[in-house]
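Take a look at this single chain in structure tokens; it is the form predicted alone.
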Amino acid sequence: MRARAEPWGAWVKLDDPPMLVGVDRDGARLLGLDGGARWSDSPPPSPPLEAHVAVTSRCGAGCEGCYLDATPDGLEPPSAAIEARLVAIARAGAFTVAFGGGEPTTRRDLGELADRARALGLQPVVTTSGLGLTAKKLDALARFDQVNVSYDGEGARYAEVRGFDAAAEAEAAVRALADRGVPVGVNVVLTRATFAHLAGALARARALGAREAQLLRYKPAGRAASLTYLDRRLTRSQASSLGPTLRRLAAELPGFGLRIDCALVPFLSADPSIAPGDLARFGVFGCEASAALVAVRADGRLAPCSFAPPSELGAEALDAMEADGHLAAWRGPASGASACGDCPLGAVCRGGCKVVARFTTGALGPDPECPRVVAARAREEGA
């Protein structure tokens, strides 16, 4: 058991099954934990719970919406550099390290890096396109606690997001990982073209052996930071229907896990049946950039999240990120909208996705695509 004290109690990492659990101070004491300075009147800042590490910016897929703008000749840092970043992440007190890219399986040492992360007390997970999967790459992926394969649906649905049809290869990767006994999920990017076909994509993924899906909002970063974003983002009606859609999918796919990324949380504000306390209880939060989450770019620089521009601070200084001005600007809830002030999800949502806000308005929030923000602005314009 690995634990970390927080002002309200402690985070406790369980190994079987891998799970991060929050307990209050009384529960922490029962486990023999002493909060020390974090239970004082002036606790020090809490470090990130999770770090997203780009282990390469190489990828030959050429997806139209690649958030990193990865290329076949992208940067691939040496093993020693990645290991040093993992040491810094563990030293800072994080629990999970999510390997990404680029395409992580282009690295020959991917399995060894997973082992190194685990030896440092970190839980290693990884996202892959699944394209070009070989027996050797499968062996490397099997050393992670979970592998998520990018999969946006069958045939045309996949092509609508990626710009080419490699759905069959992604499906083969999901099946191969599941047959190997590797915990596997799928990452599904939501666009206005694929939203209506989401149920079919998830049912197909489950049939292939995936145990859960991570639903991702299409974000204007990398190659997606262009005017095409405006045509691909969810429509207002789709965004407002996210809550009921999730409940329907959960009923249709019993036993299949559904997760949403932090950028989708503001869309739940349109659903009056969503209880903020329930979201907080199950760890569903809005923007956690530079707070519970931090990203490490392939060149070693820290970024608020994988989709945000980096600071000049390197990963080796992760324990000093609180003092960095760029990271601080992304930390904390967005402000500046009356719709956020009286929103019941405000404390959980934290103003929505700052990446979207920065691209569409030039500011870091509030999220201009949040249904409540859209409605509030319509009222203001009509007044």
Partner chain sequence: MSDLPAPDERARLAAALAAHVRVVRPGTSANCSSIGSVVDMLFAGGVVGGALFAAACAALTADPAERREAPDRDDEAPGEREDDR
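Computed from a predicted model, the values in this text were never measured in an experiment. Numbering follows the first chain given and starts at 1. The term rigid core refers to the most C-alpha atoms you can superpose between the two forms while keeping them within 1.5 Å.
Here the subject shifts to the form predicted in complex with its partner chain, a form of this protein not shown in this document.
For the options 204, 233, 107, 116, the residue carrying a heavy atom within 4.5 angstroms of its partner chain in the predicted complex is 116.
Contact with its partner chain in the predicted complex, defined as a heavy atom within 4.5 Å, holds for exactly one of 81, 159, 193, 279, namely 279. The candidate stretches are 167-175, 222-230, 151-159, 252-260, and the one lying within 4.5 Å of its partner chain in the predicted complex by heavy atoms is 252-260. Every member of the trio 11, 23 and 247 reaches its partner chain in the predicted complex with some non-hydrogen atom inside 4.5 Å. Proximity of residue 52 to its partner chain in the predicted complex falls within the 4.5 Å heavy atom cutoff. When its partner chain is considered in the predicted complex, residue 1 lines it closely, a heavy atom lying within 4.5 Å. Under a 4.5 angstroms non-hydrogen atom cutoff, its partner chain in the predicted complex lacks residue 71 among its neighbouring residues. Interface residue remark: residue 243 is counted as part of the site for its partner chain in the predicted complex, having a heavy atom within 4.5 Å. Within 4.5 angstroms of its partner chain in the predicted complex, the stretch 13-48 places a non-hydrogen atom from each of 14, 16, 17, 18, 19, 20, 21, 22, 23, 24, 26, 27, 30, 31, 32, 33, 34, 35, 36, 38, 44, 47, taken in sequence order. Put the two forms on the same core and the Cα of residue 368 is off by less than 2 Å between the shown form and the other one.
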